[in-house]
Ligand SMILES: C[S@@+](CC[C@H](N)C(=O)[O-])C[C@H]1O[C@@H](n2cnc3c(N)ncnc32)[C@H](O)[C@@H]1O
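Single chain ahead, by itself, as structure tokens, in the form predicted on its own.
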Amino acid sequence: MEKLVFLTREDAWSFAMGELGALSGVRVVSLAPGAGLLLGEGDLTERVNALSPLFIRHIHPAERVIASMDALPAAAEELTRDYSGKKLAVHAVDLTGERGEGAILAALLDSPAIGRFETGPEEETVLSATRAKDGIYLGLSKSRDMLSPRAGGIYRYAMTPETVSRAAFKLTEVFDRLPLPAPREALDLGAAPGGWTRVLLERGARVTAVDPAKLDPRVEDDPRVTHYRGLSQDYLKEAGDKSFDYLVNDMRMDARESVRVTLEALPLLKSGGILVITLKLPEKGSLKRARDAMALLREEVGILFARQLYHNRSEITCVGKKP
């Protein structure tokens, strides 16, 4: 029987269970809030990836379960014995609340088993160690199969004097996760206070920011920003022949309504242009609401990516490409 560690937001656990319910012959054991162990036959990594889950953030195989830190080096030696590559990423997650990732990494990186590799945080092959109350789950896998190349699917960003809002971290995470082209001309719907506009500026774009509310002065005063102080539907009536290679939307409205507004703006997006939208979800029925909203999007754009990111809350982020 195969074992697979998976992580999700604690408040999205029931939605993740709804997605995993599509897999036959599997069983889930809770490891900690927002973390579980999937047990079943067949290639569980392949089966979960085939689901294209929205609410599962990260997975890795659990090929060994180790009772203590002292046993980590020997288990790592056993797992990597037949691995002939020269590079290896080492990931650690501690679910016990003790924040012992550093100790886990030290135990692995200082061992002779790992010392023969060139190590880095995002190599193609990953040795993952997840510590729970009942032991440490260890597995070797390809980063492309883990739903996220970061340990636990966690992207941490520090607030700086240039950070306009924490909402900016969502778009930053999109750019860090996906091999997207650099934006040149971007349309930001519902832009205030300007967190997403700031991220686009940092990547070299000129931005039309649409929102009746004020923008942060650090954004408003940038000569590359045109602020349309009105509603999105009014801007679309006045936009004329303008065109953009990026269309982004982080508006606080029902997912389906947000999709409707976005699709109304789609004629302004160039062929091959990139669309990024967050879909705000209710407390109940989120999985269905997300799928319904994505189905509307899929009628007009190709979906490149859809997931509840580390910096999403009651929402998922979709990235699409206009045909």
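Start at 1 and count along the sequence shown; that's the residue number. Quick caveat, the model's predicted, so the values are computed rather than measured.
There is also a form predicted in complex with the ligand; it is not shown, and the following applies to it.
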| item | value |
| --- | --- |
| One residue of V174, A205, A76, A168 in contact with the ligand, assessed in the model of the complex (non-hydrogen atom, 4.5 angstroms) | A168 |
| The ligand: the contacting residue among P217, G135, G230, P121 in the model of the complex [heavy atom, 4.5 Å] | G230 |
| Contact test in the model of the complex: L140 vs the ligand, heavy atoms, 4.5 Å | no |
| 4.5 Å heavy atom contact, K280 and the ligand in the model of the complex | yes |
| 4.5 Å heavy atom contact, G190 and the ligand in the model of the complex | yes |
| Contact label in the model of the complex: D250 to the ligand, heavy atom within 4.5 Å | yes |
| Interface stretch in the model of the complex with the ligand - options 179-187, 121-129, 206-214, 148-156, non-hydrogen atom within 4.5 Å | 206-214 |
